[in-house]
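Below sits a lone chain in structure tokens, taken as the form predicted alone.
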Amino acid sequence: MTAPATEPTNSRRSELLAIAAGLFAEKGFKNTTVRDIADAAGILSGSLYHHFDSKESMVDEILRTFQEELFGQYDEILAGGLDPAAKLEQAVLVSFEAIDKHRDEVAIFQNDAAYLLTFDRFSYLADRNQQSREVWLTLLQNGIDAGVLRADLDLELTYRFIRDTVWVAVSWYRPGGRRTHTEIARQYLSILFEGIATPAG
């Protein structure tokens, strides 16, 4: 008999998390207050505490849920049967899809991770950074080993190039724009694998 009451509660909780994510992405975590979230949700600040004990709990749930999904996809790519070049392509496509589907979550991580890491409860973000590094370094090394990537690549530099050029897109990409996230990813992959100079150049 409690199921009908639980579903609206979960729905409201998800709605509040979405509102908070939008504000955190727009204003920054530090600059967003519980009152800001409550006002945007059309409720009193005290009512928010019926669902969450703090804004830290809200951003924690937002980031954990998003990252579990993203790294689950990375794990599937690494464990899959694609060739090394296709795996690297798939990882780039998945990353741009994350920016499209979870723009607020990506923006929060990009903008506020350093601040959140000053709190013990967010120490897992450092683990996720390391895990991300290992994913990309593995993909790159496998590509070199298979002969589809240049053997003289500086792996750390190449990883940083991919990481920074992919995730910075959250600052300018807007869903519904001139190009879809897949088209942008494909263009990015073309630049990554083929460069920007003509063969004659």
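Since the model is a prediction, treat every value here as computed from it, not as a measurement. Just count from 1 along the sequence shown to find any residue number.
There is another form of the same protein, the form predicted in complex with a further copy of the same chain; it is not shown, and what comes next is about it.
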Practice problem: Work out which of the listed stretches, 50-58, 37-45, 64-72, 143-151, brings a heavy atom within 4.5 angstroms of a further copy of the same chain in the predicted bound form. | Solution: 143-151
Exercise. Indicate whether a further copy of the same chain has at least one heavy atom within 4.5 Å of a heavy atom of R179 in the predicted bound form.
Key: yes
Quiz item: Given that the partner is absent here, does L88 sit within 4.5 Å of a further copy of the same chain in the predicted bound form, heavy atoms only?
Solution: yes
Exercise. Consider Y115 of the chain shown here, and say whether it contacts a further copy of the same chain in the predicted bound form, taking contact as heavy atoms within 4.5 Å.
Key: yes
Quiz item: Any of the heavy atoms of T158 lying within 4.5 Å of a further copy of the same chain in the predicted bound form?
Solution: yes
Quiz item: Though the partner is not shown here, which residues of 18-43 have a heavy atom within 4.5 Å of a further copy of the same chain in the predicted bound form?
Solution: K30, N31
